[in-house]
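Read the single chain below, which is given as structure tokens and is the form predicted alone.
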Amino acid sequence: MRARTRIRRKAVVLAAVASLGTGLLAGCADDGDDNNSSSEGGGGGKTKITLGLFGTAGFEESGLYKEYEKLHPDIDIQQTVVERNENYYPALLNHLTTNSGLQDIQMVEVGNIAEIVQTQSDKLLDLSKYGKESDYLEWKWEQATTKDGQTIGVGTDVGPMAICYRKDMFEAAGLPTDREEVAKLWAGDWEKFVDVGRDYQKKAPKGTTFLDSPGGLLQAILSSEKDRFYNASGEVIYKTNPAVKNAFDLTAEAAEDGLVGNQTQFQPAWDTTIANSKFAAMSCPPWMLGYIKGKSKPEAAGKWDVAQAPKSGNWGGSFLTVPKSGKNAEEAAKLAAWLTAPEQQAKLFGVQGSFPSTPAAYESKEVTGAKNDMTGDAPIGTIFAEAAANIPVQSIGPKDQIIQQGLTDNGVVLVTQGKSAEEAWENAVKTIDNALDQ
């Protein structure tokens, strides 16, 4: 994120994660269309397997459905896609609670997996009978495993954190451009990273900031912390955990000093800052490269590079689950296991940029030889595999996503709009606590 074990955690599922903020789609290079269905038709005596997904999972785009249907001529695969997880997940939770209206396979984002494990596992198949545990990163498998050893989801991808940066803008600001030299500037310390931002701003190209947004910085810092919002006993600790407050304060400091843009990530105005080259660096899990490519102008191709982050972290990653009530649960479980096997995950990374949750895929040519139009010859597969190997194991809880989103959307972004760090923190805490009490 390592050797596999069969150890089960007692309280919360332990894993190296960073839950998504601001409606971001885990493991997605770009958004799909709301309620977009594929593989029309079916019938002809075939067994139809339906998938409920959010964002662009990439299974269809990478040709995996067609490949599976060719291997299994009696299977017809159809998917329904909701663009944003914040719209998808509440409906999924309602369907699971009522045990109705479910697809044969349902995707679950990493920020929601703990809640599903703790409250809905009885509605879902144990996929350890279909997926091969040793294929997956230990912490990824554990994320979807209940206290009694039932694994109700198989991991589609993970989001090892790096820093994407514009070589031309770094050069203009007098900073090194070689990825190894860039990484040395901030190795081991997020405060050093912010200091590099101050150096950038001294000679920054006019109208640009060092980073894209306060939310991206806060997400990256927190993703590298072992303890964040919950402790190992499942207690909410975000208000009393020094690591969370320190990350918030450092991000607020960067915002006060004008080092970050004043946008909320994954909103139209933020997309425009990518297109118009308004910032020099951003927190960057693998799927972010696809997002950058999709929102950039053609002339930006090859101007980006990727360096290791100050500390390794994880941002993103999803799971496939199979409701027991599905008409074709057995066939759906086989498909879910096949879609997330190392060979398929490697193909998915080559097309979509979703980084495999299966270490065996890291040695495949699709990963070791991976290139991206935006980063030229950068060995992105090798870079992200190195980051994945050093991700810390974290405790996650059922409301990780709500807490993360509150700290960003209702917290640090306010500092770029004139609020003090203290006011932003108080507003974030009020918003989060209100949501947790519901």
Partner chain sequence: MSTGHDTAAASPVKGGAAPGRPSGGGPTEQELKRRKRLSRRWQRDVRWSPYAFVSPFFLLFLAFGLFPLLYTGWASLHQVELTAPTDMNWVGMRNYTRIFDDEFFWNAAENTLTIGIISTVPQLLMAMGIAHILNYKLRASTFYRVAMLAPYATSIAAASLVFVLLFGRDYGMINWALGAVGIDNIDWQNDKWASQLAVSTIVIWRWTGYNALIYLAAMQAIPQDLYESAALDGASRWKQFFHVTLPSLRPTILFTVVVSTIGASQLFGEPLLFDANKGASGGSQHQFQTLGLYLYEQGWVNQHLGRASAIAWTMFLILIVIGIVNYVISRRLRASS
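Since we're looking at a predicted model, the values are computed, not measured. Positions refer to the first chain, counted from 1.
As for the form predicted together with the partner chain, it is not shown, yet the points below apply to it.
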- Within 4.5 Å of the partner chain in the model of the complex by heavy atoms, the stretch out of 220 to 228, 329 to 337, 186 to 194, 269 to 277 is 269 to 277
- Item | Contact check for Arg166, Gln201 and Ser312 against the partner chain in the model of the complex, heavy atom at 4.5 Å | no
- Heavy atom to heavy atom, is Asn410 within 4.5 Å of the partner chain in the model of the complex? yes
- Is Leu93 one of the residues lying within 4.5 Å of the partner chain in the model of the complex, judged by heavy atom distances? yes
- Query: Closest heavy atom of Ser420 to the partner chain in the model of the complex, within 4.5 Å or not?
  - Reply: no
- Query: At the 4.5 Å heavy atom threshold, is Gln263 in contact with the partner chain in the model of the complex?
  - Reply: yes
- Between the options Glu142, Asp135, Asp126, Glu115, which residue brings a heavy atom to within 4.5 Å of the partner chain in the model of the complex? Glu115
- Residue among Thr177, Thr97, Asn246, Thr368 with a heavy atom within 4.5 Å of the partner chain in the model of the complex: Thr97
- Item | Neighbours of the partner chain in the model of the complex among 409 to 438 [non-hydrogen atom within 4.5 angstroms] | Asp409, Asn410, Val413, Leu414, Gln417, Lys419, Asn427, Lys430, Thr431, Asn434, Ala435, Leu436, Asp437, Gln438
